[in-house]
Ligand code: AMP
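Starting off, we have a lone chain in the form predicted alone, written out as structure tokens.
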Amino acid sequence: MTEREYNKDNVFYKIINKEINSNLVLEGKHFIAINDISPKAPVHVLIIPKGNYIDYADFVMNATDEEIIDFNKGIATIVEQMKLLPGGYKLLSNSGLFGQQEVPHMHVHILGKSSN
């Protein structure tokens, strides 16, 4: 895989390091989850690994197994917490220019509608 350099000058790095406030949904050892400030669905949560990963490929190839498992269990916890299972949900992770990634820090959008 081509070596790319992580740029710490991004909003998610600053949120993880408490330099910027956010609307926290859930925090784990290796991730933070926040409500999206510009939601595209009734439930729109961003789950972000705390490690400095550029995109999904970088995360999967370079994160520890513990980070990957904690992150994925975080997704499942949010899906359950937000009551998304009955109606379903969408997971989305953009990568690079073609993938329309706006923030160069790996993150997954969890979109759905609560069953409440």
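From 1 onward, residues are counted along the sequence shown. Remember, it's a predicted structure, so these values are computed and weren't measured experimentally.
Keep in mind that the form predicted together with the named molecule is not shown, yet the notes after this line are about it.
Student: Between N35, N62, N72, Q81, only one gets a heavy atom within 4.5 angstroms of the named molecule in the predicted bound form; which residue is that?
Tutor: Exactly one residue meets the criterion: N35.
Student: Can V25 be called a contact residue for the named molecule in the predicted bound form at 4.5 Å between heavy atoms?
Tutor: Outside the cut-off, so no.
Student: Would N17 count as a contact of the named molecule in the predicted bound form, using a 4.5 angstroms cut-off between non-hydrogen atoms?
Tutor: N17: no contact with the named molecule in the predicted bound form.
Student: Using the partner position in the predicted bound form, report whether V43 sits within 4.5 Å of the named molecule, counting heavy atoms only.
Tutor: Contact with the named molecule, no.
Student: Indicate whether H109 is a 4.5 Å heavy atom neighbour of the named molecule in the predicted bound form.
Tutor: Contact check for H109: yes, within 4.5 Å of the named molecule in the predicted bound form.
Student: Across 72-99, which residues bring a heavy atom to within 4.5 Å of the named molecule in the predicted bound form?
Tutor: Result: N94 alone.
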